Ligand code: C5P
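Given as structure tokens, the chain that follows is alone and in the form predicted on its own.
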């Protein structure tokens, strides 16, 4: 397992390059410069035939690459994909947590990149999983996180609403990546299970994954600075658990 615990403060903010083209992603990189060290690349950008140039640029600029594939297929196919992508110099990639999938992914990664298990998407509510209430959803998240831990995943992706539960149940051996970060009063877009940056960090998150609140801000650099302040303050607070 690739150890990605105890991250540097500057790496705790993962900016999601949720833009429709590689050209747009390059513009974001130029705009944010040294303010961001860790970027998430998702399915939208992977459809761009110039994706290789973006990955090359990220590596040349010494940025960490979070490849958000959310792989969910038979173990053999997942393993083949993981082997291929881990050879591209990425830091970590995502797979959905399901029997056989995470084990195959971790084995195929062979320590060259971290495998992160996706528990339940932050756009999902209990009814989307045919569950009665939030308690049932939390139980599913915990069960999947335990599966990821047992398989040797480096971390899991989960809502900030579940971070405290996961940290208490699983300890510090799993890095917790939290999307769905929205400040009070901000538009939630298509996200349903959201929390503020401060609440996620105080609960025990290691990394915050943030896209639209930065890219759609009037001043993206100012938005990054504000999030960094929230992270630093939460880590310094006596009640904060950190990582």
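Residue numbers count along the first chain shown, from 1. Treat the numbers as computed from the prediction; the structure is a model and nothing was measured.
There is another form of this protein, the form predicted in complex with this ligand, and it is not shown here; the text below is about that form.
When this ligand is considered in the predicted bound form, only one residue from 71, 120, 151, 109 comes within 4.5 Å through any heavy atom, namely 120. Put simply, of 224, 231, 25, 16 only one has a heavy atom within 4.5 Å of this ligand in the predicted bound form, and it is 16. Comparing 196-204, 25-33, 45-53, 212-220 against this ligand in the predicted bound form, the single stretch with non-hydrogen atoms within 4.5 angstroms of it is 212-220. Using a 4.5 Å cut-off to this ligand in the predicted bound form, not one of 88, 91 and 155 places a heavy atom inside that distance. Heavy atoms of residue 182 reach within 4.5 Å of this ligand in the predicted bound form, making it an interface residue.
Put simply, residue 40 is close to this ligand in the predicted bound form: some heavy atom of it is within 4.5 Å.
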